[in-house]
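This document starts with one chain, in the form predicted alone, laid out as structure tokens.
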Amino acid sequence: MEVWEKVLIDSEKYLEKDVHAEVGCIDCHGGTPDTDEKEEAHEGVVVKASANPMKACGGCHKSYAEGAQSSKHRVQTGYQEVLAHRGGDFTDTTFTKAYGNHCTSCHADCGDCHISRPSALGGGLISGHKVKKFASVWLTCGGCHSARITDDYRGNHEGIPGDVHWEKQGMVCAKCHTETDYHSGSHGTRYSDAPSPACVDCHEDVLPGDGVEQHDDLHLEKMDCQTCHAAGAYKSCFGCHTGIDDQDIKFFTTDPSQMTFKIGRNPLKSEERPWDWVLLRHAPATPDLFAFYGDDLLPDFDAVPTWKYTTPHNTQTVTPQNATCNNCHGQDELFLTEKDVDPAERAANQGVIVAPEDIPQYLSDQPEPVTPGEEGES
């Protein structure tokens, strides 16, 4: 966005039609009334009013603001939990400086969803300060969850179809992800709680005996839905490095991303996620993520895998790995084996790497592998 677009208050959309305009700028943003002097008027101004949800939004939207105070989007409990597992010490000022300079740029408060583009994308009013009841799916949800979700979902990766829910139904994020997912206070990562939404919330008829041969007890008990129904490769990021340049501007650099499709052992096996086999995606964390700030700030880096549980948003009925039994059985390249893992990261990933002898064997009594779509499947 152009700089002027980021700060333009649209008189028709906001000042004349938005109920929030009746409250007045000072009530949310602060400042000094009854003066025509710019510097005096801006004394005490809070540029981002919703940085304090209870103060800015809680007067009218108390329950939402209370949830937002501790939601994953705002507090980033997921980042904190994983960094702590890797040995990050949140009582160490060197570590917290690095974390504050780089990780918190992804934090989102009420305004990041309902008024502006996310701060991580440079911010900017997306509709002349109009307060949108429903956040912009592609500018807000897609703004942060772009390469790893939006591009999967809309089929933006060359040669890989998008999600059937988008292509055939035009379903946007909020059709599955409810306001509870966005607003509620929570703990841990986005995978700490039971799967929500879960495929079976809508597809209740998926069960043994439903007429689909592969929906037998073994497959439904041993693997999650995406293992069979992700339509192809999805993006993995392999390295993120942080620092401050000679002008005191914070920066990060990343290693080239790759399109991957890897089935591995379930690192989050639990009563809610009982499967043995799940899809894995490489996270961008590296042992020297914060090396600019100090040595050995993640001393227990190997405590959690770098190949992590994932749920790609590119669902299709027939996929390259489920077109026939032997499109998966005997297809070693689909599975995360030791050769796929950087030697420096093999210790961290021992729990998810698949031993060659554990890969499901080719079935000689089943049809040869086929390419999906050859006979019009979709």
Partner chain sequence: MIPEPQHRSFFKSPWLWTILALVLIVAFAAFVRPMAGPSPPAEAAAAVDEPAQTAHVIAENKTLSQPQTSEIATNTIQTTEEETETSPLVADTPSSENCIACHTDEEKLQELAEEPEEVKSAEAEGEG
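Whichever C-alpha set is largest while still superposing within 1.5 Å between the two forms counts as the rigid core. Please read all numbers here as calculations on a predicted model, not as lab measurements. Positions refer to the first chain, counted from 1.
Just so it is clear, the following notes concern the form predicted together with the partner chain, a form of the same protein that is not shown.
The three marked residues, D276, Y309 and N322, fail to reach the partner chain in the predicted complex, with no heavy atom of any inside 4.5 Å. By the criterion of a heavy atom within 4.5 Å, H107 is counted among the residues contacting the partner chain in the predicted complex.
Though the partner is left out of this view, S11 does reach within 4.5 Å of the partner chain in the predicted complex, counting heavy atoms only.
Although the partner is absent here, G100 lies within 4.5 Å of the partner chain in the predicted complex, judged by heavy atoms. Though the partner is left out of this view, G351 does not reach within 4.5 Å of the partner chain in the predicted complex, counting heavy atoms only. Annotated contact segment (heavy atom within 4.5 Å of the partner chain in the predicted complex): 32-40, selected among 312-320, 338-346, 32-40, 325-333. Only one of the listed residues (G294, G188, P299, P195) places a non-hydrogen atom within 4.5 angstroms of the partner chain in the predicted complex, and that residue is G188. For the candidate set V200, A84, L268, L218, a heavy atom within 4.5 Å of the partner chain in the predicted complex is found for exactly one residue, namely A84. Residues of 258-296 that come within 4.5 Å of the partner chain in the predicted complex, judged by any heavy atom, do not exist; none qualify. Shown in the overlay between this form and the one not shown, fitted on the rigid core, is a CA shift at E16 of 2 Å or greater. Once both forms are fitted on their core, the CA shift for C199 between this form and the one not shown remains under 2 Å. Core-superposed comparison between this form and the one not shown: the Cα of S119 travels 2 Å or more.
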